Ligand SMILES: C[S@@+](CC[C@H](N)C(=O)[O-])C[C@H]1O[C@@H](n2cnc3c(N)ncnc32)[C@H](O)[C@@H]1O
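Given next, in structure tokens, is a single chain: the form predicted alone.
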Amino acid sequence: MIADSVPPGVNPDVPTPARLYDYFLGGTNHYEVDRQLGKRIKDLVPEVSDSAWANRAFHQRAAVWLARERGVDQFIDIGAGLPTQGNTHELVRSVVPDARVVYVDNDPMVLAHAGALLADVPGVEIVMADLRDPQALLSDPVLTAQIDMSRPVGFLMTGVLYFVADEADPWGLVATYARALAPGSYLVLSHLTSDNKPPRSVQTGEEVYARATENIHFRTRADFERFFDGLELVPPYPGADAGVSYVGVWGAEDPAAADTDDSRWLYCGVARRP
């Protein structure tokens, strides 16, 4: 069933990244304007849904790895998007039952849907904030009530930094968040890239999102690696060197088989704050 109600603050006539992502993942929380633009992208980039799922799967594997292998028991999920199956709190709590999770998004539709679903889930909250304002985000009373910033945190920013323009200094923003985290915390990042991709497909993506609430910004591998300056990247899979990879590869049981064209639309990395 496609969304037929309009929560307060939501404009159904202007596409949003969260609703487009929901469309690509096969969800139902989107409107006709999102479907029209989403279909335009799918027509030129048929693998876009597979790429979205590859990014989602990386997010899930990384969150579980932090809980299981590093004992992280509190998480901040930036740009959380609309609720779907395998949400962060569900996954990490399968490993650490009392893990605390705070979701953050700036889309009022996310707040409406996630807030309703999480209303009776202790230790899990949703915060309405913009990642481009770290001071406001990190000082939000809902977040500070749930997350102890003096202890290690899993800080997840997957599929969101490419909505931040160079002029807003996304590298400086990530560095600000990293400095606010306790040593032993981990950053989990993913980002769209135009490396080795058809220029027409990249251009279409930029044009489509120019009509949405946020523009989209593709970046190179070198640009993406800059986000981890001063941090300790972990190997994407056993036997690999520490560094960034494509989303399909990180944590995959068979990295060679997982390294598909679909997953090569996004780089990813997990790094420890020393």
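Bear in mind that the values here come from a model prediction, so they are computed numbers and not experimental data. The first residue of the shown sequence is 1; numbering continues from there.
Not pictured, yet referred to below: the form predicted in complex with the ligand.
S.K.: Would you point out which of 130-138, 90-98, 68-76, 193-201 contains residues with a non-hydrogen atom within 4.5 Å of the ligand in the model of the complex?
M.R.: Only one stretch passes the 4.5 Å heavy-atom test: 130-138.
S.K.: Within 4.5 Å, heavy atoms only: does H59 come near the ligand in the model of the complex?
M.R.: H59: contacts the ligand in the model of the complex.
S.K.: Examine F163 and determine whether its closest non-hydrogen atom to the ligand in the model of the complex is within 4.5 angstroms.
M.R.: Answer yes; at least one heavy atom of F163 falls within 4.5 Å of the ligand in the model of the complex.
S.K.: Could you tell me if Y21 has a non-hydrogen atom within 4.5 Å of the ligand in the model of the complex?
M.R.: Yes, Y21 lies within 4.5 Å of the ligand in the model of the complex.
S.K.: Is T158 close to the ligand in the model of the complex, meaning a heavy atom pair under 4.5 Å apart or at it?
M.R.: Looking in the model of the complex, residue contacts with the ligand include T158, since a heavy atom lies within 4.5 Å.
S.K.: Could you spot which one of A80, V174, L187, V102 gets a heavy atom to within 4.5 Å of the ligand in the model of the complex?
M.R.: After the contact test, the surviving option is A80.
S.K.: Check each residue of 98-112 against the ligand in the model of the complex and list those with a heavy atom within 4.5 Å, in sequence order.
M.R.: Result: D105, N106, D107, V110.
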